[in-house]
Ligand SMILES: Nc1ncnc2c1ncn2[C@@H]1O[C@H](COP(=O)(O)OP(=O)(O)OP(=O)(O)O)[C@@H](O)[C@H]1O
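Take a look at this single chain, the form predicted on its own, given in structure tokens.
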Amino acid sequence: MRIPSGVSGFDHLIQGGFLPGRLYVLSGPPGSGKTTFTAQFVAEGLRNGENCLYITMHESRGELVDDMSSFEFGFETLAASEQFRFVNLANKKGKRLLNQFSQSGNPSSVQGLTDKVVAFVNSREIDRLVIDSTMLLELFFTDGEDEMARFLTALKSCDATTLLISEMTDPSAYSDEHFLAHGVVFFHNYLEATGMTRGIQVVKMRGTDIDCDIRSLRFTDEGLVVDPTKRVDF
């Protein structure tokens, strides 16, 4: 069984959707569509009656809903569902919510954060998980790459299908999250005299036949739309 992404045209690039229960990294520059992609992913899950969790550190639930309300895929309505959970790790409410599910002493330690997230995901039977982003998560980790690797390894043990946003902008440069993930998707944008050209590239997808070509990506009223037949050269 494959998990539909909710992004029109994208699933054609990965044999019908994501393999469930796996960790996928979305990388690319600011404004390239990563957050919109994850919102469409969550919206698709909520439409299908799935439990969804969005973890961030840099925006409120209201800000995310407002940002996505300019599109017509219904995020603002779906996000009101009891099956949608939003956790901001930077505020007290988010920390209290996670603290209910773990007894780890130090909330800012890698083990503490890992225990809380995994316990929450498992106890609430979360089907789709979004974490935005690796750069912000690193603020929790004093030991850098080693702690991030342990956190990502623990995420892979969860039953949820997880999308992790990364700020990496070079598709030829791999970091720990790319090596550990089951799949890596890169977002590209290039400003030309005629306007912004956007593309999306699946550079890694275990268990899936891919070709790694960059395909056309557009923002529309319905959200992101991929043209799987149109290759883009940058």
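Since the structure is predicted, the reported quantities are computational estimates derived from the model, not experimental observations. The first residue of the sequence shown is number 1, and the count goes up from there.
The form predicted together with the named molecule is left out here; the points below concern that form.
> Looking at the partner-bound form in the predicted complex, is G49 within 4.5 Å of the named molecule by any heavy atom?
Replying inline: No, G49 sits far enough from the named molecule in the predicted complex that none of its heavy atoms falls within 4.5 Å.
>> Can you tell me if Q201 lies within 4.5 angstroms of the named molecule in the predicted complex, counting non-hydrogen atoms only?
In response: Q201 lies outside the contact set for the named molecule.
>> Taking the named molecule as it sits in the predicted complex, is F84 near enough to touch it, meaning that at least one heavy atom pair lies within 4.5 angstroms?
In response: F84 lies outside the contact set for the named molecule.
>> Within 4.5 Å, heavy atoms only: does T36 come near the named molecule in the predicted complex?
In response: Contact check for T36: yes, within 4.5 Å of the named molecule in the predicted complex.
>> Given the stretches 202-210, 65-73, 177-185, 41-49, which is the single one in contact with the named molecule in the predicted complex, using a heavy atom cutoff of 4.5 Å?
In response: Selected stretch: 65-73.
>> With the named molecule taken in the predicted complex, which residues across 16-31 come within 4.5 angstroms through any non-hydrogen atom?
In response: Stretch hits, in order: P29, P30, G31.
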